[in-house]
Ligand SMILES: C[S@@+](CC[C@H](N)C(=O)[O-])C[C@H]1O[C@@H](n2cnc3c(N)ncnc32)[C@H](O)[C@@H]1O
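Taking the form predicted alone, here's one chain by itself in structure tokens.
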């Protein structure tokens, strides 16, 4: 279906079904969310999934919950979710709701919220905005906030040298990499540096304004920054561990590459809001050798 500019700027939900197939085939994503939901959702509890897509995370939740609201804005995905869920067990526990996740509220208190509107560096999609709006509206109607899955996020950035040559053609463009697959195209010249961490149940950031000093441990040319997004799906205190899932690494080229030696440091500045475009972040980046 065609969508308006306003539609495409909100939520990132107007995604065709064949794109969701890639998410279903992402074993790290699927395994992480399944494990977190199994650990966090109480037996017989009630769950809301915001931005339900194909409904697979609602399906995981329905193994334990007595009621799941699967909230999806895209009419085509609503139909797809209803059709796919009907092919699987526990469909009777799941209500697929055609609604905007920005404004949806359940009719009764719930135990957990699942929301996977995630993109590298929390760009493009509206994860933070949606959860923030849900929290404010929910707190006005009910007392205690539910558990959130993911529970927290850790954002980091790393100075790297990226191979931007393609059959001899030099093209420094934004690139994505699977965090579980080693790539010799990206060479880390310094360790990742955290620039933000927050819990979804607590106050959420409106903007990331960062000025970082990044030590260099290998000589070379810093021509890009690698953004690392660690989604803490659940913190299991009794087991002293977390269930984590890394979004794809995002490599953004620098406008002016920096030649460095071991022992140098690079000072990096950037600024963006959660949900901003990749271009917005890229334009804000400034990097100099200290």
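Numbering follows the first chain given and starts at 1. What you see is a predicted model; the values in this text were computed from it and never measured.
Only in words, not in the display: the form predicted in complex with the ligand, which the text now covers.
- Checking 157, 117, 216, 96 against the ligand in the model of the complex, a heavy atom within 4.5 Å turns up for just one residue: 117.
- Comment: 54-62 is the region of 234-242, 54-62, 218-226, 249-257 lying near the ligand in the model of the complex, near meaning a non-hydrogen atom within 4.5 Å.
- At the 4.5 Å threshold, heavy atoms of residue 128 stay clear of the ligand in the model of the complex, well away from it.
- In the model of the complex, the ligand sits within 4.5 Å of a heavy atom belonging to residue 101.
- Interface membership of residue 74, defined by any non-hydrogen atom within 4.5 Å of the ligand in the model of the complex, is confirmed.
- Although the partner is absent from this view, residue 278 stays clear of the ligand in the model of the complex, with no non-hydrogen atom inside 4.5 angstroms.
- Taken together, the three residues 268, 286 and 289 lack any non-hydrogen atom within 4.5 angstroms of the ligand in the model of the complex.
- Scanning 15-51 for heavy atoms within 4.5 Å of the ligand in the model of the complex gives 15, 20, 23, 29, 49, 51 in sequence order.
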